[in-house]
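Presented below, as C-alpha cells, is a lone chain in the form predicted on its own.
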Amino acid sequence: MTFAGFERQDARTIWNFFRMLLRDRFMGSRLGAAWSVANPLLLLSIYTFVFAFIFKSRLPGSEPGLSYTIWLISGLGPWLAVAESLTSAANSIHGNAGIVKNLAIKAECLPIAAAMSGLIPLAVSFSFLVVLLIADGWAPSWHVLAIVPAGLALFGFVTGLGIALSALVTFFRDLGVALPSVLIIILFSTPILYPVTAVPRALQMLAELNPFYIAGQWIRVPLLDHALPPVWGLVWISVLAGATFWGSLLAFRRVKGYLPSAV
C-alpha cells in the first residue's frame, strides 16, 4: 500500500531519520536530546515571567495576570514549532550530504523527518499552556477537538514548504542563511503576537488570509474562547496544505537526481 509514492518501509525510514537527526543535533552535550524539550520550556518560562510578573501585560477588558501570557503562548507556541520545522527541513539535504550521496533512499524522507522536529516544541508548548490554563481556572470544552484538523493542516503545509526549501537551499545556500531573518519578518507581520485589529484596516483582509494566522486562530479560539473560528479558514489552509505538499513533492522528485552533485 502506497501514499504519495511512499511505501510502508518509507515510514520506518522517516522515523529512523527523525531519531537520527534529533540525536545528531545535540551530539556532545550532556543532556543530549533533552535539550529539545528544555529549550522551548525555558523560552516559554521567560515569556511567562516577563509578561505576567514584570510588565503585567493584559488584554483589553481583562485583569492583569496570566490572561495575556496564555493568549500570547497559545499563538507563540505553534509558531515555535513552525520555525523549528522549517529551519530543520530546509537544511536537511545539505546537512546530510553523506546520506544523500551514499545511500539508496528516497531523499524526500529527509525533509519530512526534519519537519517532524517541530512536533517536540509543539508538545512542550501545549503542555506548558495547559498548566497555565488550569492555574487560571480553565475548563475544557468540546471545541478543543477542532485543534486536531487545524494542527494536521498546518503540519501538512509546513512539511510541504520544508520539502521545497530543502531542495532550494541545496542549490542556493544563501537562502538557508537568510531563512531565520525571513521567519522573524513573517512572525512580526502575522497577527500572532498582537490582535488582527491592530493591523491597518487596508491590510486586515490580507492578514486574515495568512495561513499561519488562521491556524493560530483555530488553536487559540477553541482553547480560550470555547468557540470556533469561521470554517472557511480551516478549508482554506487544508486546500493550501494539500496543494503545497503535493506540489513541493512533485517538484522535489523532478530535481532530486541532481542533489548528490549539489550537496
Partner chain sequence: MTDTAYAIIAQSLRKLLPLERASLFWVWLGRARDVPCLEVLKGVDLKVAKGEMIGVLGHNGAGKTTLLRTLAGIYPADSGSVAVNGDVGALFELGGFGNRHLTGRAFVRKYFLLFEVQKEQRVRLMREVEEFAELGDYFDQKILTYSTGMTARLYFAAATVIEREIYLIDEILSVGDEYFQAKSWSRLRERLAGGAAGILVTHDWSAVLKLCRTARILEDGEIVREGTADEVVRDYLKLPIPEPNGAEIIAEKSFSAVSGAPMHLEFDVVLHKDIEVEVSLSIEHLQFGAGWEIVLLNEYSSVASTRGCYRLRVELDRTPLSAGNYLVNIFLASPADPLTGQRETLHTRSWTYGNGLTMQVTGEERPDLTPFMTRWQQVAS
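Computed from a predicted structure; not experimentally measured. Residue numbers count along the first chain shown, from 1.
The next section is about a form of this same protein that is not shown, the form predicted in complex with its partner chain.
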Exercise. How about A104: is it within 4.5 Å of its partner chain in the predicted complex, going by heavy atoms?
Worked result: yes
For this session: Please run the contact check for P140 against its partner chain in the predicted complex: heavy atoms, 4.5 angstroms, yes or no?
Result: no
Problem set entry | Touches its partner chain in the predicted complex: F188 (any heavy atom, 4.5 Å) | no
Exercise. Does its partner chain get within 4.5 angstroms of any non-hydrogen atom of F17 in the predicted complex?
Worked result: yes
For this session: Report the stretch among 131 to 139, 114 to 122, 169 to 177, 79 to 87 that approaches its partner chain in the predicted complex to within 4.5 Å, counting heavy atoms only.
Result: 169 to 177
Exercise. If we check its partner chain in the predicted complex, which of the residues in 224 to 263 reach within 4.5 angstroms of it by a non-hydrogen atom?
Worked result: A251, F252, R254, V255, G257, Y258, P260, S261, A262
